[in-house]
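A single chain, nothing else alongside it, follows as structure tokens in the form predicted on its own.
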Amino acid sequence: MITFVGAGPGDPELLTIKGKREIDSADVIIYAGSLVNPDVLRDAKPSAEIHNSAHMNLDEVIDVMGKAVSDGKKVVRVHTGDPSIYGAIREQMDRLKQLGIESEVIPGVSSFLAAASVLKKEYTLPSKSQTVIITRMEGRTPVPPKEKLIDLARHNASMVIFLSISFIDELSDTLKKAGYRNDTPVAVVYKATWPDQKILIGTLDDIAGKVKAEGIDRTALTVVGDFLGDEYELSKLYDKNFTTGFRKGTGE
């Protein structure tokens, strides 16, 4: 059995209890060293064999897993955030299945959720947006034809844009062409919840300059939308006049 663990956004205390238990008891750990905070592994067994997958290709990762399982060792594969988002775990699980090796996934806190927490914002504000689009810009690797950023952005929903901070000029221009106002609020969160976290607040007109001034070119999320502003309608959830399945409204 191979256990995939979402290591959270950076802060080791945002690792789930179940995920930590699996990491701490593992004989072999393969972690995404380019993104995972190494402090997540600080309580691993002294005897644990630790591999940094930033220096490995898929074949090498699978070879380490297969050998360890055949030797009767407990193997944990550690990914950043939640591995279901840009984690490339499907290809690993399918290869393991071909080898007759079972796998399980322990979810983690995604960096897009951590970004909202450090910004103290809510992506789904009433009257502003009830939809969150998680995407990335096309770069060295393509996106499906129907998922071009300009097409997704036409919804003017809350947007979370991964893996695209190095294209911040093009990103801003594309969003404006898609219909976002020039003064649409934007936040860039660099390494959310890490000790060296940075938060930049701006608009589509000025965020690129702020990003360049800080020298941020990787490990950052761009979040866009009016949910970042201060004007919104209150929800019906706690409206005293609104009846729910658990509470009768006053009807006033």
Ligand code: SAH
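Numbers follow the displayed sequence, beginning with 1. For clarity, every value in this text was computed on a predicted model and none was experimentally measured.
One more form of this protein, predicted together with S-adenosyl-L-homocysteine, exists but is not displayed; see below.
Asker: Can you work out which of Val224, Val211, Leu221, Ile29 has a heavy atom no more than 4.5 Å from S-adenosyl-L-homocysteine in the predicted complex?
Answerer: Comparing distances to S-adenosyl-L-homocysteine in the predicted complex, the residue within 4.5 Å is Leu221.
Asker: Could you check which residue among Leu41, Val69, Ala187, Leu35 gets a heavy atom within 4.5 Å of S-adenosyl-L-homocysteine in the predicted complex?
Answerer: Among Leu41, Val69, Ala187, Leu35, a heavy atom within 4.5 Å of S-adenosyl-L-homocysteine in the predicted complex occurs only for Leu35.
Asker: Check His51 for me: does it contact S-adenosyl-L-homocysteine in the predicted complex (non-hydrogen atoms, 4.5 angstroms)?
Answerer: Heavy-atom contact with S-adenosyl-L-homocysteine at 4.5 Å: absent for His51.
Asker: Check whether Val132 has any heavy atom within 4.5 Å of a heavy atom of S-adenosyl-L-homocysteine in the predicted complex, and answer yes or no.
Answerer: Result no; Val132 lies far from S-adenosyl-L-homocysteine in the predicted complex.
Asker: Is Tyr180 close to S-adenosyl-L-homocysteine in the predicted complex, meaning a heavy atom pair under 4.5 Å apart or at it?
Answerer: Looking in the predicted complex, residue contacts with S-adenosyl-L-homocysteine do not include Tyr180, since no heavy atom lies within 4.5 Å.
Asker: Mark Ser111 yes when one of its heavy atoms lies within 4.5 Å of a heavy atom of S-adenosyl-L-homocysteine in the predicted complex, and no otherwise.
Answerer: Ser111: yes, in contact with S-adenosyl-L-homocysteine in the predicted complex.
Asker: Of the listed stretches (143-151, 157-165, 69-77, 172-180), which one has a non-hydrogen atom within 4.5 Å of S-adenosyl-L-homocysteine in the predicted complex?
Answerer: The contacting stretch here is 157-165.
Asker: Met1, Glu60 and Val64 - do all three of these have some heavy atom no more than 4.5 Å from S-adenosyl-L-homocysteine in the predicted complex?
Answerer: No: none of Met1, Glu60 and Val64 comes within 4.5 Å of S-adenosyl-L-homocysteine in the predicted complex.
Asker: Are there residues in 124-143 with a heavy atom within 4.5 Å of S-adenosyl-L-homocysteine in the predicted complex, and which are they, in order?
Answerer: Contacting residues: none.
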